[in-house]
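Listed next as structure tokens is one chain, alone, in the form predicted alone.
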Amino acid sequence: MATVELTFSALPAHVRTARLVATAIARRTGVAEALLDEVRLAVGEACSRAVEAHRVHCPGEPIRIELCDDSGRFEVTVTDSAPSDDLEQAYKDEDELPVAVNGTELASLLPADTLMSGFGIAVIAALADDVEVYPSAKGLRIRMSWPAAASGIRAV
């Protein structure tokens, strides 16, 4: 299993870089060409949401992306550090509460004033093969995955 970690500051220009890196790594891990646009768009949406949240709540904190291939899947996790008092109250007894997006009404699970009202996450759920959202008082983590070649990252 190979993992690539990327952190970037909360600037919209860095979203393009994150999309390009994710697409390149997806291609190298064996994600089908027909799915590369979905990878690019989903990663762009997740990173844009994180940049927006950071610019409002914590502009000096970096956004973190983890890209890995595991068991024939290409997985991308975008993590932001934007605090939310509503989330802290909702999940005060939990460190993190996973929320499966595919097949779950996400809008009813997130606070009404959450940035973009869950719309961006709904777009991500439509683009990715499998999506999980982990809201917490420390930020939001979005994990997305697509089928990939079982052999992992190929050398160039």
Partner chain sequence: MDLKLDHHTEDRLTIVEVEGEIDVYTAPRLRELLIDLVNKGNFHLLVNMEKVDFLDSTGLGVLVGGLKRVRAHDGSLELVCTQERILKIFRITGLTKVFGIYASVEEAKEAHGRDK
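Positions refer to the first chain, counted from 1. Note that the structure is predicted; figures quoted are calculated from it, not measured.
Heads up, the form predicted together with its partner chain isn't pictured, but that's what we're talking about next.
Asp37: heavy atom within 4.5 Å of its partner chain in the predicted bound form?
So Asp37 counts as contacting its partner chain.
Taking its partner chain as it sits in the predicted bound form, is Pro147 near enough to touch it, meaning that at least one heavy atom pair lies within 4.5 angstroms?
Heavy-atom contact with its partner chain at 4.5 Å: absent for Pro147.
Contact of Glu45 with its partner chain in the predicted bound form (heavy atom, 4.5 Å):
Yes, Glu45 sits close enough to its partner chain in the predicted bound form that at least one of its heavy atoms falls within 4.5 Å.
I'd like to know if Gly30 sits close to its partner chain in the predicted bound form, meaning any non-hydrogen atom pair within 4.5 angstroms.
No.
Is it the case that Pro12, Arg19 and Leu127 all touch its partner chain in the predicted bound form, with a non-hydrogen atom of each within 4.5 angstroms?
Yes, each of Pro12, Arg19 and Leu127 comes within 4.5 Å of its partner chain in the predicted bound form.
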